[in-house]
Ligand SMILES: NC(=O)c1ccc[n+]([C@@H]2O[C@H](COP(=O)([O-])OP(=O)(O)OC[C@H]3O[C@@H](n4cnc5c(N)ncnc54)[C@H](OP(=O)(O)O)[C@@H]3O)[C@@H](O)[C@H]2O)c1
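Just one chain is shown here, as structure tokens, and it is the form predicted on its own.
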């Protein structure tokens, strides 16, 4: 495919793109202008680009071409389509960061001088979020494991973060992926194959929520149960049924912060009976967006600035 097949719209104002599925429903549409005010960049606007899940390659290439060839198209954050977009448009990038090379995905599209750059920010994002949820030496103290429904980019990123932990007590003995399609499991397996780790990794292909219930019930107390499927936001439902029992004292981590959030409500129903600690995806959302905005707009995301941006974002949460 030739780049000239994708006509570029010349923007008159600096534009930051959000490539997703239902971008107009995201809180970022309210948060972004507030962040630009904090940063003194009020002339920068956001534009959503909605693509179908697993869209055709031409759609992704058109979106990348817009950023690559229009001077005022600054960059983008990519959700849901991180793997498919890079598969379709890899040749259009001049640089991919090490995580993008390992995971074969991009969540950030940015420009530096004349280079179009792709970064995979999820290992940083999920890591910062997980570190805020559990204490140091969590796995050493509790002997919990990790069960992750979904094997896409955010799921793989969470495993990468745990693999990179230096202290044994910060790594689980076992990490299990459960995914509806074999392709994503094969991708995860291929990525992990080249890495050295003492974490036992299991890959289960299953789409039946009742079987997922049985899988989860075999996990020890204090395990971390993750919904990284997109179910409850991009697609309806949950990977579990309402009959599924979370491990005692487990952590339920829903990667989404908006939508029907069935998985979140299922775990909230067991807070008292099973002592489940429930986390939604809001902190993940803020970490993910601030990382990419900093990359695209070229500013230093200090802890103090992150706290300020998080405070501003939280002011419109649920509004």
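From a predicted model like this one, the values you see are computed outputs, not experimental measurements. Numbering follows the first chain given and starts at 1.
As for the form predicted in complex with the ligand, it is not shown, yet the points below apply to it.
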When the ligand is placed as it is in the model of the complex, which of 267 to 275, 283 to 291, 35 to 43, 58 to 66 ends up with heavy atoms within 4.5 Å of it?
283 to 291
Does the trio 79, 184 and 207 actually contact the ligand in the model of the complex, every residue with a heavy atom within 4.5 Å?
yes
Name the single residue among 223, 108, 73, 179 that comes within 4.5 Å of the ligand in the model of the complex, judging by heavy atoms.
179
Exactly one residue in 216, 155, 88, 146 has a non-hydrogen atom within 4.5 Å of the ligand in the model of the complex; which is it?
155
Answer for residue 234 alone: is it within 4.5 Å of the ligand in the model of the complex, judged on heavy atom distances?
yes
Please check if residue 120 has a heavy atom lying within 4.5 Å of any heavy atom of the ligand in the model of the complex.
no
Can residue 252 be called a contact residue for the ligand in the model of the complex at 4.5 Å between heavy atoms?
no
Evaluate residue 54 for contact with the ligand in the model of the complex, applying a 4.5 angstroms cut-off between non-hydrogen atoms, and reply yes or no.
yes
